[in-house]
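Only one chain comes next, encoded as C-alpha cells, the form predicted on its own.
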C-alpha cells in the first residue's frame, strides 16, 4: 500500500475512532466518517467496501495504537496462575481505555449488524485470551476439577466482560486498582483447583 493510501486509511480509522468515542451511540454513518476524515464517501468505500469492515478495522486499529501486544507480553510469557493474574490485569487495565468505543458498539448493535460484527470480533479476541489463560492452568494441572476447560473459559470470559467492569467501576464506584485485584481474586477462587 502506498504511503498516501496508508495515510488516508489511518485518517479514516482515526476519524471513526473519534466519532465512536464521542457519542457514537446514536450511530456512526459512513458519510459522517468520510466528512470527519476529509474525504468523499466514494473514497471511503475504496478503502472499506462495507461499514462492517470499517468498524472491525477501527477496533483493531485502536488495539494497534494502544499496543495490545505489549500489554499482553507478560501474560503470554507466564504459566499457570501467574498467566491468569497477568491476563486479568492486562485486560482489566485496558477496558477503561476502550470503554467509549465498546459502549458505542453495544448501544448500536441491537439494530446494527455491522456494529455487532465489530463488537463480536473484539470479544472473540478477549475470549481467545481467556482460553489461553485457562489452558495454562490445564497444562499445570491446576484447573478446578468441577470445570471443563471450555466451561472455565466461558466463566472467565463472562467475569471479565466490559459490562461487569462498567457496573463495578462506574455504577458502584470501585477504583480501577480494586477492580483488577478483585477480578484476580475471583478468577483464582473460581478456576483454581483447591489444595487439600
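Residue numbers count along the first chain shown, from 1. Quick caveat, the model's predicted, so the values are computed rather than measured.
Below, we turn to the form predicted in complex with another copy of the chain, even though it does not appear here.
Inset, instruction - Taking 4.5 Å between heavy atoms as the contact cutoff, choose which of 131, 159, 30, 36 touches another copy of the chain in the predicted complex. - result: The option sitting close enough to the partner is 159.
Inset, instruction - Could you check which residue among 123, 78, 89, 117 gets a heavy atom within 4.5 Å of another copy of the chain in the predicted complex? - result: If I apply the 4.5 Å criterion carefully, the residue I get is 123.
Legend entry - Proximity of residue 171 to another copy of the chain in the predicted complex, heavy atoms at 4.5 Å: Yes - in the predicted complex, heavy atoms of residue 171 and another copy of the chain come within 4.5 Å of each other.
Legend entry - Any non-hydrogen atom of residue 176 within 4.5 angstroms of another copy of the chain in the predicted complex: Flag for residue 176 set to no.
Inset, instruction - Indicate whether another copy of the chain has at least one heavy atom within 4.5 Å of a heavy atom of residue 65 in the predicted complex. - result: Outside the cut-off, so no.
Inset, instruction - Tell me, yes or no, whether residue 13 is in contact with another copy of the chain in the predicted complex, where a contact means a heavy atom of each within 4.5 Å. - result: Residue 13: no, not in contact with another copy of the chain in the predicted complex.
Inset, instruction - Tell me the stretch among 163-171, 134-142, 53-61, 37-45 that has any heavy atom within 4.5 angstroms of another copy of the chain in the predicted complex. - result: Stretch 163-171 is the one.
Legend entry - Every residue of 18, 21 and 82 near another copy of the chain in the predicted complex, heavy atom within 4.5 Å: No, none of 18, 21 and 82 comes within 4.5 Å of another copy of the chain in the predicted complex.
Legend entry - Within 89-103, the residues that have a heavy atom no more than 4.5 Å from another copy of the chain in the predicted complex: Heavy-atom contacts within 4.5 Å come from 103 alone.
Inset, instruction - Check residue 51 against residue 103 at the C-alpha atoms and report closer or farther in the predicted complex, compared with the shown form; the change is 3 Å or more. - result: Closer is correct, given that in the predicted complex the C-alpha spacing of residue 51 to residue 103 is reduced by at least 3 Å.
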